[in-house]
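Let's start with one chain on its own, the form predicted on its own, as structure tokens.
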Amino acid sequence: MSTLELSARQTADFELLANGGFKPLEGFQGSADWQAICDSMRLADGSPWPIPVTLATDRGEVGETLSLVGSEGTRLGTITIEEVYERDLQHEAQQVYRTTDGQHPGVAAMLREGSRTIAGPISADALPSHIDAVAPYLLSPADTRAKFAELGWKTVVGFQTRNPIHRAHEYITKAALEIVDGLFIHPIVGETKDDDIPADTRMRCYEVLLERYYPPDRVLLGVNPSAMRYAGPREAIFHALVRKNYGCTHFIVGRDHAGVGSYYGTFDAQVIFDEFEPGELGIEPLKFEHSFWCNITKGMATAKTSPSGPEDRVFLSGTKVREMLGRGERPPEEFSRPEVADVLIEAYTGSGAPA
């Protein structure tokens, strides 16, 4: 049997196909599904699905079974090839990412993998290995559904992030928790941009925050092994469907969800949910305004709840915060809890003595 070595993103896709995170998918998608997804955000059978899950390679022919090896070296299982086809990458880029710009990280990753695509069901013998910081939180959809039932949670809100949780995130997750039984913090730990904060640092940030600032019986921390696409609105739908598979009934959609640069409008990722019928996705989006520290009320707020003008609202961009961390400066408490800031400063400077 020939062996195919997967990229990091393909490895992550295999894991979610194997563990049920990409249900109803049972393998890498063929041309009919690819076309339907690009054109209508649906599978060929009409089911909602916004982003193709494909396997681009110059290897394999129809009828062949390939042994799949993950990017970290694990022999994962096999794919039985039912179709070989060429994807129109420019069409996919425009439809899924709303741009053909090769500087967009999702478009760039797609172009690197190429257009020749194999499709077929997978058989899983193992799942990819992960770093020690991530491994304890690798809960499958079956695991999380069982845990929610054990905790007695009938309604669960999922929170997607690829960043440490700052004060604005804390505010919206707690606001969401007011209307459901439990909160599932589910950060992505697959491949991200080079300038994103590494998964091991982020996991420690989540741990110290949950230790001090959340009720332990109302919050569960797990990890999503998926790779980021940075597809903005479509990825918001993608993330919601995956969290439905993990057992969530609600899903937080904030400002510029899964966005990058200036490719998407601030609330495009919220508007896109209106393209589906109520209840069709099987999970309810909770749409939040941009939150900030209000100097008048001395707390977190949004434009809906704060009487302040722009001069009394504290916003900090991720770029600004990374610059501060690089200088060993603590982000202000209006942006980040001090325990989280300490973890970030140590990671950026190697020093536990922030300025």
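All of these numbers come straight from a predicted model, not from anything done at the bench. In this text, residue numbers run from 1 along the sequence as written.
There is another form of this protein, the form predicted together with another copy of the chain, and it is not shown here; the text below is about that form.
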{"property": "Interface segment, criterion being heavy atoms within 4.5 Å of another copy of the chain in the predicted complex, picked from 80 to 88, 120 to 128, 232 to 240, 208 to 216", "result": "208 to 216"}
{"property": "Heavy atom distance at most 4.5 Å to another copy of the chain in the predicted complex, all of 286, 297 and 304", "result": "yes"}
{"property": "In the predicted complex, the residue from 137, 263, 171, 148 that sits within 4.5 Å of another copy of the chain by heavy atoms", "result": "171"}
{"property": "Contacting member of 104, 162, 167, 255, with respect to another copy of the chain in the predicted complex [4.5 Å, heavy atom]", "result": "167"}
{"property": "Residue contact check: residue 293 to another copy of the chain in the predicted complex, 4.5 Å heavy atom", "result": "yes"}
{"property": "Contact label in the predicted complex: residue 277 to another copy of the chain, heavy atom within 4.5 Å", "result": "no"}
{"property": "Distance check, residue 337 to another copy of the chain in the predicted complex, heavy atom within 4.5 Å", "result": "yes"}
{"property": "Residue 194 within 4.5 Å of another copy of the chain in the predicted complex, heavy atoms", "result": "no"}
